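One chain is shown next in structure tokens, namely the form predicted on its own.
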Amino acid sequence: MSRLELSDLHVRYGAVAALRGVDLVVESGTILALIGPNGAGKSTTLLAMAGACEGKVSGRIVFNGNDISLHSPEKRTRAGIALVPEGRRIFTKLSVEQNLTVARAGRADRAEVEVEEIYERFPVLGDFASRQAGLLSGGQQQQLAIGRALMMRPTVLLLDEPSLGLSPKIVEEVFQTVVTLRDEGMTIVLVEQNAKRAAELADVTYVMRHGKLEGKGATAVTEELAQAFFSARGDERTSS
């Protein structure tokens, strides 16, 4: 079981309200996607879940019935919540294997995944185990970022823009990994720029705007995509 609940969650960065009373339930073994325009609060929601938000956070975050609102990022990781941040943020000067092993440093209190298990899931990482991570392709770096998160055997995986900067073929490979992890029982919260594709693979999809959840399900997603299309068309007319 890996149920995550947010109740009246607020985040402020100084005078800016990034989240304004978000109520959200992520059911165990599902993919929940958050879509919406830039600045809507999607990434902030993931950071708040992971305990890595630099803003002022208020409200409640409950994980498997336990209030973790005041827990440190490390304690949340040990409990089973792992974040794959936007931009991957791997250690570019370290080798692939060093990136994986450093993820479990100081975590002897939690069962860990062996490096070989990550290589079985992502064979290319095993092929390039000694290669400097900064020399990997974008898709390989994304696999490394996910593999690093999986080293701690999480039950909830928070993915922030995993398709960013990747080719369509590699994007599909990343999304297939996400679906496979869900099918294996993992709970996933996905923030994704590709709204249509995210909605297709998610069990539940929410639209965020201005720090609030404004819609859920197929109708809301259709409206979000329509607004994005007409906004883009308007930008084209303005620039022409």
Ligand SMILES: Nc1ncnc2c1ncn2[C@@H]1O[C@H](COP(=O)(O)OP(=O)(O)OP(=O)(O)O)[C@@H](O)[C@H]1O
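The first residue of the shown sequence is 1; numbering continues from there. Quantities reported herein were computed from a predicted structural model and do not represent experimental measurements.
One more form of this protein should be noted, the form predicted together with the named molecule, which is absent from this view; the next part is about it.
Not displayed here, the named molecule is approached by residue 54 to within 4.5 Å at the level of heavy atoms in the model of the complex. Contact annotation for residue 9: none of its heavy atoms lies within 4.5 Å of the named molecule in the model of the complex. Within 4.5 Å of any heavy atom of the named molecule in the model of the complex lies no heavy atom of residue 194. Proximity of residue 22 to the named molecule in the model of the complex falls outside the 4.5 Å heavy atom cutoff. With respect to the named molecule in the model of the complex, the three residues 16, 40 and 86 uniformly fall within 4.5 angstroms at the level of their nearest heavy atom. Heavy atoms within 4.5 Å of the named molecule in the model of the complex are found in one stretch of 173-181, 197-205, 43-51, 59-67, which is 43-51.
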